[in-house]
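Quick setup: the C-alpha cells below cover two forms of a single protein chain, split into structure 1 and structure 2.
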Structure 1
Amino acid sequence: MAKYVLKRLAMMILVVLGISFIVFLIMNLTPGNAAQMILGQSANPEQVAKLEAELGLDQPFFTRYFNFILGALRGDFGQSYQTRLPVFDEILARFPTTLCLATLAMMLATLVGVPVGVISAIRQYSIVDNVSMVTAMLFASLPSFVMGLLLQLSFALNLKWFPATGADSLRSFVLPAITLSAGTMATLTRMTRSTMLEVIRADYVRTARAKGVGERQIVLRHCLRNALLPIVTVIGVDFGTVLGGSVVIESVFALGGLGTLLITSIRMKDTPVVMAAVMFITVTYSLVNLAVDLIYAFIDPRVKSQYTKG
C-alpha cells in the first residue's frame, strides 16, 4: 500500500511539473513586452531594459522557467505587475473563498445526486425517475452562469432571501454553491442511476435476495458499494469542472475568490498573478485526484491487492 502511495505521489509531482511548464509556456506566448506594459508607452528603452533586468525578463526561456520553479517551491511567485505586492500573499488571501465554494458545491452535488440516482434506479420508469432524469438533463445543459443569473434574480433581487453579491457570511455562498453544483449533480445522478441499474440485475444481488437479505441492506451494502467506484471517479473529475466553473460563478456573484482575481488580472495583463492563480487551481485539482486514486485503493480490494502483493 505504501508503495502505491509513493508511486502515485511521484507521478503527481511529475504531472504538476508538466502542468507548470505548459502554463508557463502559454503565458510566455503573450505578445508584447511586459516591462513596456508596466511602465506605459511613454517609457524610454533604457528604463524598459532596466526593469527587464530587474524582473529577470532578459534571461532565456528555460532559465526563467527554472527560476520560476525554484521561487514557487519557496512560496515566491514573484510580484504583481499591477500592485507590486507579492503574488503569493494575494493568492493565499483569495484561495479559501474558492476552495470553500467548490467544496460546498461538490458536497451538495453528492448529497443530492447520489440518493436521487439510487432512488431513480430502484424505481426505474416511475414518476420520480422520469422527473429526476429530465431535471438532470436540463441541469447538464443549462450554462452555469445563466442559472446563477436566474437564481440571483429570483432569490436575491426579488425575494431577498439571500444577498445578491459579496461574501460576507455563509448565506452568500448558498446561491453560488447551488449554481455551481447543478452540472455535477446532474452527472452524478445519471451516473449513479446507470451503475445501480447494472448492479441491481447482477447475480449476487439475486442471491442476496434469495437468502432473504432485507431490501435496505441489498441496496446499501450490495449495490451501492459496488456502484461507488464510478461515483468517486465522477467526483474527482468534476472537481476540475467545478473549479473551472467557479471562475465564472464568482464573477456573477462578485465573490472575491481566485476566479475574480484571475479575471481582473487577465484584464490588467498581470501575468504573474494569472500564472499563479492558474497554477493554484490546477494543483488543487491534481491533489483532489490524488486523493481520489487513494480512495479507490481503499474501497476497491482489487486495486489494493495489486500493490500489496508486489
Structure 2
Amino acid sequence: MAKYVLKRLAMMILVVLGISFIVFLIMNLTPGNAAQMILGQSANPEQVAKLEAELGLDQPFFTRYFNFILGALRGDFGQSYQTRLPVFDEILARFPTTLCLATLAMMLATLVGVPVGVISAIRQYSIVDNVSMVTAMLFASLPSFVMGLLLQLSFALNLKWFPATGADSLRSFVLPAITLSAGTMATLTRMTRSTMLEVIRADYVRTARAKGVGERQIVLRHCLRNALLPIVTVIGVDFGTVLGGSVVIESVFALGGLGTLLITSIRMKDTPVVMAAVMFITVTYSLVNLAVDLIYAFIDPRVKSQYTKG
C-alpha cells in the first residue's frame, strides 16, 4: 500500500507540472499585455517597457516558466502583478473560503443524495421513488446561478433567514452550499439508486433473506457496502468539479473565494496568481482522488489486495 501511495504522489507531481506548463503557455498566448493593463492605455511605450522589465515579462518564455517552477518548489510563487503582494498570501486568504464551500456542498450532497437513493431503490416505483427522481432531474437541469438567485430571493431577502452575500459566518455558507450541492445531490441520488437496484437482485442478497437476515442488515451490510464503489467515485470526481467550478456561486453570493480571484487574474493576465491558483486546485483534486482510491481498499478487500500486489 505504501508503494502505491508513493507512486501516486510521484504521478501527481508530473500532473501538476504538466498542467502548470499548459496554463503558463495559454496565459502567454492570450492577447493583451499585463504591463499595459496595469498602467492603462495612456501609458507610453517607455513606461510599459520599464514595467515589463520589473515584472520579468521581457525574458524568454522558458526562462520565465522555469523561474516560476523553481520558486514554487521553494514555496515562493512570486508577487501579483496587480497588487504587488506575495501570491502565496493571496491564495491563502481566498482558498479557505472555496475549500469550506466545496466541503459543505459535498457533505450536504452525500448526506442527502445517498440515503434518498437507497430509499428509492428499496421502494422502487413508489411515490417516494417517483418524487425523488423527478426532484433529482429538476436539480440536475436547473442552472446553478438561477437556483442561487431563487434561494437569495426566498430565504435571504423575503424570509431573512440567511445573509444574501458575504462570508462572515457559517450561516453565510448555507445558501451557497445548497446551490452548489444541488447538481451533485441529483447525480448521487440516481447513481445510488441504480447501483442499489443491481445489488438488491444479486444471489447473495436472496440467500441472506432466505436465511432470515433482517432487512435493515441486508440493506446496510450487504447491499450498500457493495454499491459504494461507484458512489465514492462520483463523490471524488464531483468534489474536484465543485472545487474548480464554484466561481459562479462565489459571484452570485459575493463570497470572494479562490474562483473569483482566478477569474479576475485571468482577465488581468496576472500569470503568477493564475498559476498558483490552478496548482492549488490541482493538488487538492489529486489528493482527493488518492483518498478515494484508498477508501476503495477499506470498502472492498479485493481492491486492497490489488494495491498490495501492485
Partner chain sequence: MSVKENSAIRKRSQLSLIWHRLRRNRLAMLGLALMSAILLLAVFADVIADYDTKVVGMNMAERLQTPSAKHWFGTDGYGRDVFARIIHGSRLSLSLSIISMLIAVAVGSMIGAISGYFGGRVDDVLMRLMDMLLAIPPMLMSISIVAALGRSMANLMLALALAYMPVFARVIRSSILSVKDQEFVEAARACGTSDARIILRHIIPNAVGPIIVQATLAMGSSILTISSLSFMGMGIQPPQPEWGTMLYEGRDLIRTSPYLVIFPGAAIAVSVLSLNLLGDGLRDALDPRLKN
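Keep in mind it's a predicted model, so treat the numbers as computed, not measured. What we label the rigid core is the largest C-alpha set whose atoms superpose within 1.5 Å from one form to the other. When a residue number appears, read it as a position in the sequence of structure 1, where counting begins at 1.
Asks: Pick one: which structure is the form predicted alone?
Replies: That would be structure 2, which is the form predicted alone.
Asks: Rigid core superposed, CA of Val252 - does it shift 2 Å or more between the two structures?
Replies: Moves: no, less than 2 Å.
Asks: Upon rigid core superposition, what is the positional shift of the Cα of Leu51 between the two structures, expressed in Å to one decimal?
Replies: Its alpha carbon moves by 3.3 Å.
Asks: Rigid core superposed, Ser42 Cα shift between the two structures in Å?
Replies: Its C-alpha shift, to one decimal, is 4.3 Å.
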